[in-house]
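Take a look at this single chain in structure tokens; it is the form predicted on its own.
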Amino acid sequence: MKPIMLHGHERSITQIKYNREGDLIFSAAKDSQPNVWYSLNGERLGTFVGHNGAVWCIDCNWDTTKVLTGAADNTCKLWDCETGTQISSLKTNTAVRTNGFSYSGNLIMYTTDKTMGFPCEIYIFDIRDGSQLQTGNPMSKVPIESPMPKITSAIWGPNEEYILTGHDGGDLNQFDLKGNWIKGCKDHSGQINDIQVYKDFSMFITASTDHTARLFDMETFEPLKMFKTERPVNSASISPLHEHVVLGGGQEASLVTTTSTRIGKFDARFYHLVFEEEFGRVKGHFGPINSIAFHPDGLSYSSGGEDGYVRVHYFDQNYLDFTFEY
């Protein structure tokens, strides 16, 4: 399984996303230019130029007409995907940490960091309403009051009913669009780095610095499975084709210089979804994996690392034929 190496970023990757069809990969990094690539051959389609800081998050809507990026320059920008032109730029008080399009693509949400005396907040905009984008007044704004820790990752729930947030302390919470808290749980003991949803929105997987990834039921927040590693997990994704999950992570980026790549455990690790058993690893990155995602058809996956490379892996036939004996 020889990867396609995509080198379009000078600094470490923060997030990668496939679009719904899976023909494009969007990558954001700590340099200020998010990229978009063809997933088939790794050709770069273009860049979105306009941010002045590290880009923490990226998302595209269901028909790949618009792209949303949030950055440390205190803006969240909406782009036209085809031309790469900026449609709107929303100013915030602090860095934008996570963002996302709702399923219809009509609503966007982003969350800001708790720094410089400002609280962590969730903003929800309706992009059909031009006045909201021009004035920067959101449809609704949810402040995260202490003692609840700041949001480190967030996604839309099914049917645009609520937003699912993962927090610094390991909490998971649901907020409706009016800003009311619905329910929460605290199964993780460390910061939640990533939340990714299954293709039918019935369950989701979380990746945490407490060295585990956990599978939850979307409606009830019931913890279904737990995947254990010896290193912080930065990202986890559920295969749409097989009952597999892939975990990416590794040692903290600040501690990497003290170990060799062999000890640092910078592998993508494959676990069986039901049996919680590891069955494969893929080496490659020179540093921790920051973001990992399965292709929507399940025949390939991509990972973005601290080394600034995105690696696209197309699975060999023996992976596709592989079944667990039970």
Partner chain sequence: MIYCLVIVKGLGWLLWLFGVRGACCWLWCCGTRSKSWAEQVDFGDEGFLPPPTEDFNEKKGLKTITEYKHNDDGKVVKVIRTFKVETVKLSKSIAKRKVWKKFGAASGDPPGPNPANTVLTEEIQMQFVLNKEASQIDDDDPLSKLPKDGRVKIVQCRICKGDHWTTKCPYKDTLQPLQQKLEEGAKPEIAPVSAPVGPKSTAGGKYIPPTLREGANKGRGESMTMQRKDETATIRVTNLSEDTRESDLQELFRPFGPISRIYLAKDKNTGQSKGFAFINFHRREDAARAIQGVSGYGYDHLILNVEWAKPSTQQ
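Here the structure is a predicted model, which is why all the values come from computation and not from measurement. Residue numbers count along the first chain shown, from 1.
Here the subject shifts to the form predicted together with its partner chain, a form of this protein not shown in this document.
Residue contact check for Thr83: one or more of its heavy atoms lie within 4.5 Å of its partner chain in the predicted bound form. Using a 4.5 angstroms limit between non-hydrogen atoms, Trp56 is distant from its partner chain in the predicted bound form. When its partner chain is considered in the predicted bound form, Asp316 lines it closely, a heavy atom lying within 4.5 Å. Residue contact check for Phe286: none of its heavy atoms lie within 4.5 Å of its partner chain in the predicted bound form.
This chain is displayed without its partner chain, yet in the predicted bound form the stretch 83 to 91 from 132 to 140, 171 to 179, 108 to 116, 83 to 91 comes within 4.5 Å of it by heavy atoms. Residues of 24 to 50 placing a heavy atom within 4.5 Å of its partner chain in the predicted bound form, in sequence order: Leu24, Gln33, Val36, Trp37, Tyr38, Leu40, Asn41, Gly42, Glu43, Arg44, Leu45, Gly46, Thr47, Phe48, Val49.
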